[in-house]
Ligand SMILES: Nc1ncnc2c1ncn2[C@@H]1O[C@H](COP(=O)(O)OP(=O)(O)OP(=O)(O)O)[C@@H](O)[C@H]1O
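One chain is shown next in structure tokens, namely the form predicted on its own.
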Amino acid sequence: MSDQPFLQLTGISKHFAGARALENVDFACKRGSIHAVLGENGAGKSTLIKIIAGVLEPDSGAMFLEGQQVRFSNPAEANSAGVVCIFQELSLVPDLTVADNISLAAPPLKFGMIDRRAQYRFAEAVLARIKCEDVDPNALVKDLSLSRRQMVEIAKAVGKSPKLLILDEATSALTRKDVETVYGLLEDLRQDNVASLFISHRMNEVERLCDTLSVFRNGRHVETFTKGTKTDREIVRLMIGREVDAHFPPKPQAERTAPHLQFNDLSWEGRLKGASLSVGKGEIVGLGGLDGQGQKELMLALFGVLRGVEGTVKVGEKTGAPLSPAAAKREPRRICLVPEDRKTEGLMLPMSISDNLLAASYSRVSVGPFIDPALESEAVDAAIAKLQIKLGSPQDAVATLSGGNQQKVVIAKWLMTDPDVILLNDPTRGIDVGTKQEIYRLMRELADEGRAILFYSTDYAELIGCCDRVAIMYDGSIVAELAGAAINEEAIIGASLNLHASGPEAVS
């Protein structure tokens, strides 16, 4: 590995509407290195990589590649120089095939037309390189799961033969098997002398993969150091500028309450197969299992999104599954769902923060057919304060917020409906450690207020630390329930692999 940096930034600054995103940043990375970029949401990481990738131009400062000063005005110029970015927000075209997407920027041509056979072979080769042979190059992207779409996004980037590969939370939507595949790919790229910038909020990934770590805070580069020279606690303190309290709030010792949300034998199109569970008021019940075992479909069924759901659902004294999300959020059920993908399912990105916050609860700030400006302002201000959303103005587009603050907007939007039942679909995916802890505390506060919470997470530590009980899904069914000391990683993994052959069982 050369001692000379492949990428070097000097004095980079960027401001948006008077707010500082980056301030006088110096930064460098080398080829043959996996370099972690760490910091809270809003620390400047996204702005940094967008400047490197040609999405944004800096207000001041200079960027050098292999000693030559460069300034990219668009991502295509960055790609031509060997700089390729995998953003957290997918850039795939859903109605095109996997092969079309992988070659979208530069499809192989024959007689001036796209050479479909060559395009298929290229996609097949790239997918094989990232060990994703199970994805059909002719499949439409919209028909793939979120995890497989993320792998196609990675294949698309690898197909451009990068010299510098930037990964922005690229593993946050992946299954554990795919995460291991990406780890292997990055190790292969390191051996091929490719430089990798790795943005992740999962410290176990950083510790496993990265040789160099850089911390950003409030738009400034705080420190760069070699892996192993600082403890996790020291790194987190650099990221948030303060000591970190206990990772998860304490669980109450109260007795289990009577069921408030109860469903039995829920089935739907082979994706749900007789799922049964109950959640009491004041209880956080975790939903675990390997990705794609029916967790998302279960939450959509409970929220009235799916048609043709069989089985029974009871919320309080109301029996019957809601026929629509509008029916789910109204009395007497009062159910809300924080969805899996905030960008496509939770927010209207071009619209204002205020409009997004009120999208599910306009009736609460209206008098007859008209919105009351005073009620609107009061409700928006209260939601912003409750979730501690960092923003310039409520009238700014929600797309201008960091990922963590966007997620807070999604949560706040649904809390404004005053729900009794809260369905959370992996709500901390791709957000920083400080915001995660805020969400953990909020969940426990909401449970203490008497809400019933069903919480799906792909992070075993969250299930262990947050939940009063954990239900494990396998192949559309709930195959085990864990409680008390039985909520541990070994038990969760064992149940996720369906090693409990006797069916659902409560363990305490």
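For the two forms, the rigid core is made up of the largest set of C-alpha atoms that agree within 1.5 Å on superposition. Owing to the predicted nature of the structure, the values given are computational and were not obtained by experimental measurement. A residue's number is simply how far along the shown sequence it sits, counting from 1.
Absent from the display: the form predicted together with the named molecule. The rest refers to it.
- Heavy atoms within 4.5 Å of the named molecule in the predicted complex are found in one stretch of 464 to 472, 46 to 54, 60 to 68, 437 to 445, which is 46 to 54.
- Among the residues Ser361, Gln88, Ser267, Gln293, the one placing a heavy atom within 4.5 Å of the named molecule in the predicted complex is Gln88.
- Contact annotation: of the candidates Asp426, Glu169, Asp100, Asp420, the single residue with a non-hydrogen atom within 4.5 angstroms of the named molecule in the predicted complex is Glu169.
- If you check the named molecule in the predicted complex, you find no heavy atom from any of Tyr183, Glu205 and Thr458 within 4.5 Å.
- In the predicted complex, at least one heavy atom of Ser402 sits within 4.5 Å of the named molecule.
- Contact check for Asn74: a non-hydrogen atom falls within 4.5 Å of the named molecule in the predicted complex.
- Contact between His201 and the named molecule in the predicted complex is found at the 4.5 Å heavy atom cutoff.
- Within 4.5 Å of some heavy atom of the named molecule in the predicted complex lies at least one heavy atom of Ala21.
- Relative to the superposed core, Ala76 undergoes a C-alpha shift smaller than 2 Å between this form and the one not shown.
- Annotation: Cα of Asp211 displaced by less than 2 Å between this form and the one not shown, core superposition.
- Once the rigid core is overlaid between this form and the one not shown, Asp396 counts among the residues whose Cα shifts by 2 Å or more.
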